[in-house]
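Take a look at this single chain, the form predicted alone, given in structure tokens.
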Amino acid sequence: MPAPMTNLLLFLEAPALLVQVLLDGILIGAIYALAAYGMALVWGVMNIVNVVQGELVILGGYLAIMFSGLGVSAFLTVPLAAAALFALGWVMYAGVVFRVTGKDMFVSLLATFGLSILIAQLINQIWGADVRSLDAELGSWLILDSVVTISRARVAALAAALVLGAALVVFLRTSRLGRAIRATAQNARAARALGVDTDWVYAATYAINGAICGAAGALIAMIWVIHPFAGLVFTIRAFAIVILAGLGNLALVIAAALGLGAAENFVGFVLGAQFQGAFVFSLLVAILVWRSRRLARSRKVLR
């Protein structure tokens, strides 16, 4: 019997195994949601597809491990990594990103791709190519007669994703900077005419994205292993989530991320871990084709 069929039969023989696989996937999806938050924000406000997203996430993980080595408790490394990446995001905007804001999207893709290579190589030079992780020392819960294991660190990551999403929504709706970001996203030219310093808004937006990536990276280091060249994994998944959920709807981003994590984990168990990446790329292509057809229909209606 083929291995996929054997694995599917395992779910029938042990339903708790299916619960374990899907639960792990959902909890992993929370990390994808964090990475997707920032990408959606930068894309929606600055019209830039931030290809360096994954590398910023991985850098946040390495900074968290470094802070932990200095004696900082695991969960305190999350705000520290976020603060460090906030500052780095502002520097990256001032040094490179502001030059491609408002230009053709292909130019921004090349610029951020170059930054992704630079950051990955710097991480490799500073910390080496060995895989690393951060022990949160939280342990796990056992449910369903101790058959299903729930990592407390992953539950904390899910809670952080939900809290951060809610905080981002409140910030964008109530704060002065949040209103300026929303106005710039809707119409940058009109916002400038009304006195909004859009360059400062762009810098703040990119820095906020850096902070989100830093927090995500610190949480990833607690539940996975990281290495300098793992950033593409999170960039591709964040891109797929944003394409599926659209810009400006964080609730849909969370739902899409949790769904992607569950589906990817299920496919990895049934077909093998080597097919997880292929599944994500195939899903991305399918989403892009679906989106392009919807746009084509909309144009026909307008005509």
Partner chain sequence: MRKAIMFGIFVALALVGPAEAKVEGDTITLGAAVSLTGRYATEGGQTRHGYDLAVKRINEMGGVKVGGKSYKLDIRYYDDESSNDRAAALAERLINQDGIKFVLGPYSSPLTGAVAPITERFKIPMVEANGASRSLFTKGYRYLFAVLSTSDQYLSSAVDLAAERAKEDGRAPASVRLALAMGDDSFSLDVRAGILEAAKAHNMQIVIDDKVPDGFTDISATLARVKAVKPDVLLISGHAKGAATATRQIAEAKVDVPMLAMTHCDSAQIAEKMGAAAEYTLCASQWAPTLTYSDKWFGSAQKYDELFRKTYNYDASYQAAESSAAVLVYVDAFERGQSLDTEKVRDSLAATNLATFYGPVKFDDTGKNTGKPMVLFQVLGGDYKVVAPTKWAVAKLVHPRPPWSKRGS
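Fair warning: this is a prediction, and the values are worked out from it, not measured in the lab. Residue numbers count along the first chain shown, from 1.
Below, we refer to the form predicted together with its partner chain, which is not included among the displayed structures.
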#### Entry: Partner-proximal stretch of 209-217, 196-204, 172-180, 120-128 relative to its partner chain in the predicted complex, 4.5 angstroms, heavy atom
120-128
### Task
Give a yes or no for residue 246: in the predicted complex, does one of its heavy atoms lie within 4.5 Å of a heavy atom belonging to its partner chain?
no
### Query
Even though its partner chain is not shown here, does residue 21 get within 4.5 Å of it in the predicted complex, heavy atoms only?
yes
### Task
May I ask you to check whether residue 222 falls inside a 4.5 Å heavy atom distance of its partner chain in the predicted complex?
yes
### Message
Check residue 86 for me: does it contact its partner chain in the predicted complex (non-hydrogen atoms, 4.5 angstroms)?
### Response
no
### Summary
Contacts from 266-283 to its partner chain in the predicted complex (any heavy atom within 4.5 Å), listed N to C, are 268, 269, 272, 273, 274, 276, 277
